[in-house]
Each structure stands twice: as C-alpha cells, then as structure tokens.
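We begin with a single chain expressed as structure tokens, specifically the form predicted on its own.
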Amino acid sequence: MIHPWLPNLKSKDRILSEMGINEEKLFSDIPHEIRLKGELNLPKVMSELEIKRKLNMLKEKNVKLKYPPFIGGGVCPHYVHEAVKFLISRSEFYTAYTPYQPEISQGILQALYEYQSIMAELLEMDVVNSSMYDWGSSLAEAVLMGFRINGRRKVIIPELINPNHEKVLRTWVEPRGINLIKVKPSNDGTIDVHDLLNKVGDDISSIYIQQPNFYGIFEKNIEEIVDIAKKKRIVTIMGVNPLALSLIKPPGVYDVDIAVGEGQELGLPLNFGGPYMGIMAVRWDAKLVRQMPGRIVGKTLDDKKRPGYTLILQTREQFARREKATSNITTNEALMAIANAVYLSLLGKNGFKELGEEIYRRSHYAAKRFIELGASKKFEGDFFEEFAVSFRKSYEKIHNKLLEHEIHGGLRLNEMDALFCVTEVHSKEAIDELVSIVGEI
C-alpha cells in the first residue's frame, strides 16, 4: 500500500510518467559534476525506540560543563527568567504563525507593536520593524537600503566587524555588484578615522559602525564618523549590542540613519543555529521608512473609534511583484521579538541598567585576573561583555586543559589569542577557577 505521507520510491516511475518527464529532465538544472553518484551510505532502518536509544547514547558523549561557556563571538549566555519562557509558550503566541490576514490576530499585532515601542525607546530611533532573522541579515538589508537610496556601490565596514555578520553581508550584497571596503583599527581597537577619511569618497553608499565591535571594544569616534558621512550624503548604519545600551549612548543620539542589532541578548537562550532575532530601526525620514524591509505594525482606530492594530507599509514585499519588491524577506521572528519585549518589560529601566553594570564589572574582573596572570589584552580600548586575551602559551593547549576540568574557554582567534565572554551568569567562583586552571599550564 502506498503511504500517503512518506516518500514512495516505488511510485517514482508512475509519478514521472504522470508529469510527462523523465528523471534526466527533472534534474536537468543540476550540473552533472555535483550530482550524487551511487547510493547514500545510510544506516539501517531503526524503530522509534532504537532512535531514542541512539540519540541518548550520542548525547552522553557531550562534555558536561560546570559553568556556562565562556565562548562568545557575538552570542553570549544570559539568564532568561522563567516568566519569559512561560509567556511566550502560551498558545496565543506559540502556535500562531504570522497570519496572512493579520488584522484578525489583534493580540499578536499588539504584542509586536509593544516590541516596536520598547525597542524604539531603547534605541532612541523613530521607526522599528517587527524583526529580521538575525543581526547579519539586518545588516545586509540595511546596506541594500543604502544602495536603493543613493545608487552607490561601495560600502565601508570596520576591519573588526563580527566575521559571521560579514559573511552574511557578502553573500547578500556582492552578487548585486556592491563592494565592501574595510577600514583598519587603531591600536586601541577602535576605527582609525584617518584611514576612514582616506577611503571616503562620493562613490560610498554607506558606512557601518559596530558598537561594541567583535572584540567588545567601544567605538569612541562615532560623532566624527557620522559627521564625515553626512557631508558626503552617505547612509550611516550602526550595529549595537542592545545590552550595552544600558551604559552607552543609543544610536538615535548620534542621528544615524539605520540601527541594527541582535535580540538574542534580550531573553533568548543559546541555540545552535538559532532562532535569533534581528533588530532594525530607522530615523523618521520617508526615504528610509519606505525602503525598510520586514513588517511594521501600526496603531489606529476602527469605525467605532476603538484602538486597533494593523500591518502598515506592506506593498513593498511579497504583495508586490518579486522584481519590484524592495526586499524578499517574507517573514519575521515574531515569537523571538515578543520574548524580547517580555524580557525588557520584566527588567524595567533600573533593572536593565543594573544588568549592564554587572556584566561590565564581571567581564573587567575576568580580564584583570588574566593580566595578573601574565596575559595581555589584545586591544587597550574599553570593552563590554567580551574581550580578547593574548597568552604566552598555545591557546589550544589551554583550551583542552579547561575542557578536562569541564570548563569551556573562549573562542580561539589564532595560536595565542582567544576571545572570552563574561556575563551575569558567570560567578566569581567560575571566573577564579577559569583563571586558576589557565595559570597551572
């Protein structure tokens, strides 16, 4: 009997016959050199019980860590309150995909409107959309916005950009003929403004600033960089770690055109491969707002003067012809955005500031302990949450020793350097043991 859901290879010839094509025609778009030759080397068929046993056996091979990992690289562990998990698990949020008749789901629209409002206040930007996929996709869309606005094909990015964001950016924009130009860092790890000035011209579309950068270093010349860009009518894009905004000026204060960032820091656990949450906001300018991808929820009144919520400015995307659309983003990370809103609401203004201060203190305490041990910071600039350390010994040897003690160290950068992430979930006991074991090597 043919199963209605599972693949039915025995019916392949009949299906092809019904379609009026053969197998060669079906795969004609795939070059011969990359087609699979022969059969896949798959394990024998297993029952559900056997699969569970197999997965549990594989799971037991994982190293059981004593403390949250010290590896970061743009994604760091944070404590997520149970209330966040409980509220986003409610069926109103958890099961409802972004509806294609959105106005019948007023609850979800209001929740996303609240996310937009909270994020606009945090960033001090005027218009926030209801999320992108992640920081990298937000950055890529921001660069494409700049290209659509001024038609220029060169973009300046910092050399110390998050390399994962850079990969996404290159994948999205280089096929469109947009070239990325890197500006080198100063000795303290911030953007070298003199090098930037040498590379700025009338053909630059946008300038990207990451605050703090991949090595956790706070950029200090943002006003000057934005001023340089505006004189050349260059679109300014600022990527921010939202938790760092508890201590530093938000992008709106600098009058940047577009702000992007990662919502993982705000109530989302570490997930291998996501889902994460891309933040995107623009200042109030029709040229920017009309080019903004993603979904924007607006508040209005119905015919009985009752408040209601609706998606606005949608004509640009899947509702337009593909080639006419400003973006082909057709969905968002609604559940993750709602988690951000719940997380920030629970923390409140004072709690948010206290959290940022605690992360700053703990990460600086860890860096100080490493320096006392004889290591050195890779860059001298002030930092938040993450910092790069240069050791006098092979970091691979250090890392393996830490794993023997069930501690996951930092992100290996090269033979002697590593990037460490320290947040509120890393206790003084954990930091002291980390440094102590490194000192034994």
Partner chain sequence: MWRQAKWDEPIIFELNTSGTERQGVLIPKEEELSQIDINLPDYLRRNEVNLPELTENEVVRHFVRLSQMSYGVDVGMMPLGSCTMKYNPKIEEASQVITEEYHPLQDEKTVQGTLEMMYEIQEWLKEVTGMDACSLQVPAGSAGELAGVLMIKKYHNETGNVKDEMLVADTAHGTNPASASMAGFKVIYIRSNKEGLVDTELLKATAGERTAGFMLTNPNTLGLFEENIADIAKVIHEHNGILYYDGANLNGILGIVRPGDMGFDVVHLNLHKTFGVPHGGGGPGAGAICAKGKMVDYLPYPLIEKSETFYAAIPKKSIGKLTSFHGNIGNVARAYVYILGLGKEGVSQIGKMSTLATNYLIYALKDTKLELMSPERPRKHEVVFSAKRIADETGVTAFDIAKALLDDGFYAPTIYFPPIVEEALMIEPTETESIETIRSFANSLKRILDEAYRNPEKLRDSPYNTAVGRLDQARANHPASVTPSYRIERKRRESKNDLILK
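Rigid core (definition): largest C-alpha set, two forms, superposition within 1.5 Å. Residue numbers count along the first chain shown, from 1. As the structure is a computational prediction, the values presented were derived from the model and not from experiment.
Below, we refer to the form predicted in complex with the partner chain, which is not included among the displayed structures.
Novice: If contact means any heavy atom within 4.5 Å, which of 179 to 187, 227 to 235, 331 to 339, 197 to 205 contacts the partner chain in the model of the complex?
Specialist: Partner-contacting stretch among the options: 331 to 339.
Novice: Flag residue 373 as yes or no: does it have a non-hydrogen atom within 4.5 angstroms of any non-hydrogen atom of the partner chain in the model of the complex?
Specialist: No, residue 373 sits far enough from the partner chain in the model of the complex that none of its heavy atoms falls within 4.5 Å.
Novice: Indicate whether residue 417 is a 4.5 Å heavy atom neighbour of the partner chain in the model of the complex.
Specialist: No - in the model of the complex, heavy atoms of residue 417 and the partner chain never come within 4.5 Å of each other.
Novice: If you check in the model of the complex, is residue 378 within 4.5 Å of the partner chain, heavy atoms only?
Specialist: Outside the cut-off, so no.
Novice: Wondering, does residue 311 line up within 4.5 Å of the partner chain in the model of the complex on heavy atoms?
Specialist: Yes, contact at 4.5 Å.
Novice: Can you pick the one in 111, 191, 143, 256 that has a heavy atom within 4.5 Å of the partner chain in the model of the complex?
Specialist: It is 111 that has a heavy atom within 4.5 Å of the partner.
Novice: Taking the partner chain in the model of the complex, which residues of 37 to 52 have any heavy atom within 4.5 Å of it?
Specialist: Counting only heavy atoms within 4.5 Å of the partner chain in the model of the complex, the contacting residues of 37 to 52 are 39, 40, 41, 42, 43, 44, 45, 46, 48, 51, 52.
Novice: So, superposing on the core, is the move of residue 393 at the CA at least 2 angstroms between this form and the one not shown?
Specialist: No, the C-alpha moves less than 2 Å.
Novice: Once the core is superposed between this form and the one not shown, does residue 414 show a C-alpha displacement of at least 2 Å?
Specialist: Result for residue 414: no, shift under 2 Å.
Novice: Using a rigid core alignment, state whether the CA of residue 53 is displaced by 2 Å or more between this form and the one not shown.
Specialist: Yes.
Novice: Would you mind telling me if residue 35 and residue 168 are closer or farther apart in the model of the complex than in the shown form, C-alpha to C-alpha, with a 3 Å or larger change?
Specialist: Distance between the C-alphas of residue 35 and residue 168: longer in the model of the complex, by 3 Å or more.
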